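The chain that follows stands alone, in the form predicted alone, written as structure tokens.
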């Protein structure tokens, strides 16, 4: 029973139970699973109460049961020639391809900008000019250049991730204490060893934070990327449902995007904790 209560964050065990100070301790804010459950229950209760009191019509706010029913229907019968899982798989393919390409290009570029004044001077105007431009504004150009297939959508998601990763990698490199670099050279390290053993490990926390932010930006861009010229995908499903006032189906798409996004974020946090156990301890 104590293990369950500890998992829910209702009781403290081990070292946490012996701490005399909790306010200001980052560890004290972890493990709030119980309150997360309470939050979801409250939202569902308020939603159901609003529908039951007829404060909103079904087009404006469908009931949770209507949304669940719509989910079951598209999961079994599909939508516009594709099942729900096919729509989801297509969206995830576009998302992950654009995100990975953004990381593969953005991280080395950010590292280079953090280590070389020539590279930073060359790329800085490009990064600072492109970073504030929302991907939605680039939809017409992406279609003109790449057509209405997957390439234009992946391109938008690539740009959404690229600038975030450039800034994260550059910030990670610049946050390293100079004393660590000097200590490594004093001990006889080569430039390659300084890069792989000092700079990269110290920059990884910033890079992983940037990856989480970039993934969130890509999820936010997904609907926009599938807005024009798409015939499948979660964003396409939401757009078409909205045109025909199928609000319950819109809710289904929004909830799916939220759940998948949360799962990816939790997975990245677990991966970060496993790969970078030194984060916050240096």
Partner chain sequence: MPGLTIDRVGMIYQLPGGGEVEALKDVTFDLKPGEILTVLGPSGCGKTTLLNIVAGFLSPTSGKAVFGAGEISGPGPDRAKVDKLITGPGPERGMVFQQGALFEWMTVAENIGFGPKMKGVAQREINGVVERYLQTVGLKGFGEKAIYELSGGMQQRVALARCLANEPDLILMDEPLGALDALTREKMQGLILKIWNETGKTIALITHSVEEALFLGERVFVMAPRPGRIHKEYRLPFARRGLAESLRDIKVTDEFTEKREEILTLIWEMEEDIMGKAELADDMGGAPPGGGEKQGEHAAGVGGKEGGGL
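Not measured: the values here are computed from a predicted model. Positions refer to the first chain, counted from 1.
The following text describes the form predicted in complex with its partner chain, which does not appear among the structures shown.
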Partner contact for residue 131 in the predicted bound form: its partner chain, 4.5 angstroms, heavy atom: no
In the predicted bound form, residue 81 touching its partner chain (heavy atom, 4.5 Å): no
Contact test in the predicted bound form: residue 185 vs its partner chain, heavy atoms, 4.5 Å: yes
Heavy atom of residue 180 within 4.5 Å of its partner chain in the predicted bound form: yes
Partner-facing stretch of 194-202, 100-108, 142-150, 163-171, counted where any non-hydrogen atom is within 4.5 angstroms of its partner chain in the predicted bound form: 194-202
138, 189, 127, 115 - the one with a heavy atom within 4.5 Å of its partner chain in the predicted bound form: 189
